[in-house]
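Given next, in structure tokens, is a single chain: the form predicted on its own.
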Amino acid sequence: MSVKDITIFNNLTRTKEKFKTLEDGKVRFYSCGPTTYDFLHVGNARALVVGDLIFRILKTVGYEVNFVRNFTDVDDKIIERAKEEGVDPLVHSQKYIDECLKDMASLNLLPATHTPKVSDTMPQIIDMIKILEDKGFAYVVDGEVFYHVPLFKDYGKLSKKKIEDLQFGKRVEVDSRKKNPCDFVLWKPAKEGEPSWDSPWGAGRPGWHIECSAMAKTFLGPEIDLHHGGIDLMFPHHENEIAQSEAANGCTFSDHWCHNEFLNFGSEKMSKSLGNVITIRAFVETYSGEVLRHILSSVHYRSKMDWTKSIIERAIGEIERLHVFYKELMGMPRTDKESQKDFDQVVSTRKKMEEELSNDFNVPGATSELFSLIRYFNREYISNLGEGISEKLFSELISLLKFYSNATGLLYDNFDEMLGHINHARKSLCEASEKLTDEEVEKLIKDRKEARATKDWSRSDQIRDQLNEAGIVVKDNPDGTYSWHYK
């Protein structure tokens, strides 16, 4: 399969440019994964979904992708939370890695090629710190190893920050042991009750930034093609990754950098520290993972997203449209009548969708093109079920839907199950939905059908009004069957 050219907005250069890889047809891709100290929130989910979309699209356009997404299982927050619960920190972090994997599955994330943990990469982390010390970029104070930032002349090339403009001492207390306030920790001495590993500097554990540099090198090599993470990681985390990796390896770390924007809740970004979080688990149990994935894919990854009830409603409606069309298409009879014009329109739509996805991973643009096609086919074909569709046109439409599903993870083959999820999500949004159980709804609809059969129109209207007050919409189908959903 040939590789389609794509363009990416590279935050290193602040320009959109043609994506070029170190090896033809292959991508070395690293995405910063979660810190596993608690259940993840929907703000965390945006970075996970964006990383997955990039992975899927690169694969869809023909690349062989080596994708690394790590788990940070050694961290101050993990240690603090483990102490509160009276458990071993690594046991605590493994518990939430397992929970995170459940959330990832609910969001329809493809498995990454490698999902390393910090605790399993300790030899490589220690080796990289030793290289930095040997090259003079790191120094030791009381068993603590610091990276000396001023020695790396390109520091700030990603974030565009200058060392002399950074202010220390106002919000963060300056550590007097550092040679420069910008210097950051590579290795911390062991403390009682904390996990630790033997090293040339004594027992201890790594600082946060060094882990990604070591894991990227271990699984992708010293130089990679693409690095992704949330915009909040650009500085200092990604800036420090560059400083460590390029100083240790003697080459460019990553040629392209992608950052997804914040998910805002009200006027603030969503974060546990602000107390405005909605966990992935809670949202999925209420509305489904498919709805959350659709929400997070509905806005371009470089645009801020405001979390509102209306975006949930819109996602529910769009998922329903997609899967109702898929279901009705699968049920259409075949005909010998061909329409070259309609066939060409499907081919043209697929080309436009490929162009959108190849243009800085523009999933909303591709989805918009698909909905335009669905509107046309709903009007010309679905509303005229008896006319049928040719096998050639049917096959081309199915191929397009499979392409969209593979590239975005937003379309599912089990459309009846999906429509059930959507009805459950509508019920969660419907303020009146608690008045009737699903069983009570089914009984009332059956009673209404019997009333209509005996021409008891008064009783039929009474039941319809009762259902309407409960937020239930009933659709009478031409073949005598019925369907219902929440408003």
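Worth saying up front: this structure is predicted, and the values here are computed from it rather than measured. Residue positions are given as counts along the sequence shown, with the first one as 1.
One more form of this protein should be noted, the form predicted together with a small molecule, which is absent from this view; the next part is about it.
S.K.: Residue-level question: is residue 262 within 4.5 Å of the small molecule in the model of the complex, judged on heavy atoms?
M.R.: Close contact exists here: in the model of the complex, residue 262 approaches the small molecule to within 4.5 Å, heavy atoms only.
S.K.: I'd like to know whether residue 230 contacts the small molecule in the model of the complex, with contact meaning heavy atoms within 4.5 angstroms.
M.R.: Residue 230 belongs to the contact set for the small molecule.
S.K.: Taking the small molecule as it sits in the model of the complex, is residue 46 near enough to touch it, meaning that at least one heavy atom pair lies within 4.5 angstroms?
M.R.: Yes, residue 46 lies within 4.5 Å of the small molecule in the model of the complex.
S.K.: Taking 4.5 angstroms as the cut-off for heavy atoms, does residue 33 touch the small molecule in the model of the complex?
M.R.: Yes, residue 33 is a contact residue.
S.K.: Given the stretches 59 to 67, 438 to 446, 38 to 46, 416 to 424, which is the single one in contact with the small molecule in the model of the complex, using a heavy atom cutoff of 4.5 Å?
M.R.: Careful reading of the contacts points to 38 to 46.
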